[in-house]
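Okay, so here's just one chain, in structure tokens, the form predicted alone.
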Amino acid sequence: MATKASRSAARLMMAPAVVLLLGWMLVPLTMTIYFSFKKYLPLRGGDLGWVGFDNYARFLSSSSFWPSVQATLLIVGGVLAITVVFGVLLAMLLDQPMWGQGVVRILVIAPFFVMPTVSALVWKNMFMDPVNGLFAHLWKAVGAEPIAWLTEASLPSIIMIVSWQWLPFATLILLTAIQSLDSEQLEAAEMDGAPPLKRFGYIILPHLGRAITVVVLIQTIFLLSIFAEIFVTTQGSFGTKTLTYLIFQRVLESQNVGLGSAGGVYAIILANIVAIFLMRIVGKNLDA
């Protein structure tokens, strides 16, 4: 049993890490809020004084604000749907005994370790190029007209690229959860004559509830700030401008750090709204 002295020593040893973590989180947040109330133009005069909520009003009244929020939520929702559904299917497939199982698992997980910019370039040039891309050659092979994916189906293309990168993460988490399932339950259900779909719906899927919750929460946190894939492929054109990319674009065009900081505060608010929604709706599985 821990004594009072040992608990005090533990707090003392943890204090530097806690202070560093708080500083790492609070200092950028404080500076963002501070600059959001100022007109700060680094290349055109520097600090031009306080403007109050003018930056917030300008950013909110922008014609691109609500479309960027919509694009952000569509990308997040699309990627989550694809990675959860195919993650469950892949996890169940990888759980089956097969030759070279270890190698297959490594190959499936490998895309998660590819940098977003690299994966976006690969998809843009090797797969989605309307002239020399793999998809173009497949379309020509069946006598169809190749599709300019990044212009004609830009949002689905971004969802496809990001899903390819995040699918291994979902598969790994869900595979770990499936392997922790008691095989005796499945054997008993099979002996009782339960068909595969009912075994999946009543035994496997409820067991995966917590793992799916973890996948959804973690991926949402990162997907709300998606930037690299859009910058490399469409540069925010054709309806793919997310809130993060809009912030970057506004700062780049106007060189107004205050305006970009106001957009950053809106991004924080959006992230918190989505997180609260997920914790209330999806996060209930953690208490089940």
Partner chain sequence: MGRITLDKVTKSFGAVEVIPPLDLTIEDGEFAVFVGPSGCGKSTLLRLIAGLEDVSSGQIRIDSQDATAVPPAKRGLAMVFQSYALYPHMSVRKNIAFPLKMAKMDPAEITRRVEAAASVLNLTDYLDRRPGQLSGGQRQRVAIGRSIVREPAAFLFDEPLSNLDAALRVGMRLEISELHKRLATTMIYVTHDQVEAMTMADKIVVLQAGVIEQVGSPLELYRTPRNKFVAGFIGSPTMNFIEGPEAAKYNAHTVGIRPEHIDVSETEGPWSGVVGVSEHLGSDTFFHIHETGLAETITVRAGGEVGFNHGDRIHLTPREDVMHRFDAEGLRIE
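Numbering follows the first chain given and starts at 1. So that the term is clear: the rigid core is the largest set of C-alpha atoms that superpose within 1.5 Å between two forms. Remember, it's a predicted structure, so these values are computed and weren't measured experimentally.
Although not depicted, the form predicted together with its partner chain is the subject of the following passage.
- Interface stretch in the predicted complex with its partner chain - options 71-79, 142-150, 155-163, 200-208, non-hydrogen atom within 4.5 Å: Result for this chain: 200-208.
- Query: Is residue 95 close to its partner chain in the predicted complex, meaning a heavy atom pair under 4.5 Å apart or at it?
  - Reply: Taking the distances in the predicted complex, the answer for residue 95 is no, it never comes within 4.5 Å of its partner chain.
- Is the gap between residue 217 and its partner chain in the predicted complex 4.5 Å or less for some heavy atom pair? No.
- Is there any non-hydrogen atom of residue 189 lying within 4.5 Å of its partner chain in the predicted complex? Judged by the heavy-atom cut-off of 4.5 Å, residue 189 is in contact with its partner chain in the predicted complex.
- Message: I'd like to know if residue 89 sits close to its partner chain in the predicted complex, meaning any non-hydrogen atom pair within 4.5 angstroms.
- Response: Taking the distances in the predicted complex, the answer for residue 89 is no, it never comes within 4.5 Å of its partner chain.
- So which bits of 105-120 sit within 4.5 Å of its partner chain in the predicted complex, heavy atoms only? If the 4.5 Å heavy-atom criterion is applied to its partner chain in the predicted complex, 105-120 yields nothing.
- CA of residue 193, rigid core aligned, shift of 2 Å or more between this form and the one not shown: Comparing the forms between this form and the one not shown, which are aligned on their rigid core, residue 193 does shift its C-alpha by 2 Å or more.
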